[in-house]
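One chain follows as structure tokens, the form predicted on its own.
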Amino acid sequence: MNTFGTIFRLTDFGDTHGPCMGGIIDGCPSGLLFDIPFVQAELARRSLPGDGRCEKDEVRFLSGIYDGVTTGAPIGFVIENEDGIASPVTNQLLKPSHSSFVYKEKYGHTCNEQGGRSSARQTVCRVVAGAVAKMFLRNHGVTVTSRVLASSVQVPSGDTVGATVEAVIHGLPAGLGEPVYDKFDARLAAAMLSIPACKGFEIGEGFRAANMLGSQYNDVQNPDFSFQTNHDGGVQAGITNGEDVIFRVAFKPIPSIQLSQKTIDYQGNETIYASSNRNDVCVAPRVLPVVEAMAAHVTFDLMLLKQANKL
């Protein structure tokens, strides 16, 4: 599956070693004032200096926009890859904790270059779609923000480290989400876990709720229907309740480390692998606009779905 969303949908293509990335955004209503500088600014957040790869990430829109306004037609876009260099040596190795082995088992690939869709480079397409969703949401007073939670882990030279990101969706109305199998938080979890290197998701108190009493946890309401607390993280029974949606996402350490590791090649022969300096030490802060993009995408999609159900 290379498509995400129900009404507001992104279908993207391209891989880290190919000539370009790109996609089709379908389901965006007509009449939306299209802010291209904002899209470019979101891409710039994702492409902050980190690894040794140099990409301008300049997006070119091909359709769906006329005189700065969306037409309701599919929005096509491309982003050229300018520095996608593949290594002939490491392409033949099973990189530890990468897609190497599982892509080999699923697709029969015997070269890492063929697994370029699993690269975090693909997230550039998500950021474009997320920026479009954010344009719509801000017209309805909804914002999506994120931050990296502090970590005391010291990173030795040549190694990498994980990160936990907390995000907030502010200004949501109550009533978004489609029970039972299309809950708002379930959609959000699926979106976050689809991001490369993501290994955990929790909303509200999350795993801390397992050690609380019901009398401590329950979000009691006032006579005006406002809430005294927000332990549920803005979602009850899979439907938004009007409070801030607060969630956290855990990312594993980037598997490409510069330290030598024992591994095998695609024929099963033992060998040694060490990454180049073209990889980040941590997914943060570059992953922040990706987390926000996916959250905005889910929110926009479910707002359109609620609107469609009322027609």
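One rule holds for the numbers: they count along the sequence shown, beginning at 1. Everything quoted here is computed from the prediction, not taken from an experiment.
We do not show the form predicted together with another copy of the chain, though everything after this point is about it.
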Give a yes or no on whether each residue among 140, 227 and 236 has a heavy atom within 4.5 Å of another copy of the chain in the predicted complex.
-> yes
So in the predicted complex, does residue 26 come within 4.5 Å of another copy of the chain, heavy atom to heavy atom?
-> yes
Taking 4.5 angstroms as the cut-off for heavy atoms, does residue 10 touch another copy of the chain in the predicted complex?
-> yes
Going by a heavy atom distance of 4.5 Å, is residue 241 a contact of another copy of the chain in the predicted complex?
-> yes
Is residue 178 one of the residues lying within 4.5 Å of another copy of the chain in the predicted complex, judged by heavy atom distances?
-> yes
So which residues in 176-193, when you check another copy of the chain in the predicted complex, have a heavy atom no farther than 4.5 Å from it?
-> 177, 178, 179, 180, 181, 182, 183, 185, 186, 189, 190, 193
